[in-house]
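In the form predicted alone, a lone chain appears below as structure tokens.
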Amino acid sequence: MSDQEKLLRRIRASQFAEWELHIFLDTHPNDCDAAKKLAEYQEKTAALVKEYEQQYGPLNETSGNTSRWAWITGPWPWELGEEDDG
């Protein structure tokens, strides 16, 4: 796995943690510890995205296709073969 792929995985993991904490806070809005943890992950994700974009360019490149169905033309996550590295 390349350094770029490793960094992208770290970004995705941090984004996943953000999303899970966000969902948790929907049902536990008064949990201050979870709110603090969410803020930490948001900062971490922003830093990782900045690092990625400085090294490899924009993370969310637009293909110029403005069709709302353009997302379906790319490979699906299971077609990328990321699970093969054991």
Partner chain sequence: MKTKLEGQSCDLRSPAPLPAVTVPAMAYVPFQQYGAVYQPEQALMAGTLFPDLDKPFLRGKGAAKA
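Numbering follows the first chain given and starts at 1. Predicted, not measured: the structure shown is a model, and the values here were computed from it.
Another form exists, predicted in complex with its partner chain; not displayed. Remarks below refer to it.
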**OP:** Decide whether residue 60 counts as a contact residue for its partner chain in the model of the complex under a heavy atom distance cut-off of 4.5 Å.
**Re:** no
Original post:
Would residue 50 count as a contact of its partner chain in the model of the complex, using a 4.5 angstroms cut-off between non-hydrogen atoms?
Top reply: no
Original post:
Does at least one non-hydrogen atom of residue 16 fall within 4.5 angstroms of its partner chain in the model of the complex?
Top reply: yes
Subject >> Partner proximity in the model of the complex: residue 39 to its partner chain, non-hydrogen atom cutoff 4.5 Å >> reply: yes
Subject >> Residues within stretch 1-29 having a non-hydrogen atom within 4.5 Å of its partner chain in the model of the complex >> reply: 9, 10, 12, 13, 14, 16, 17, 20, 21, 24, 27, 28
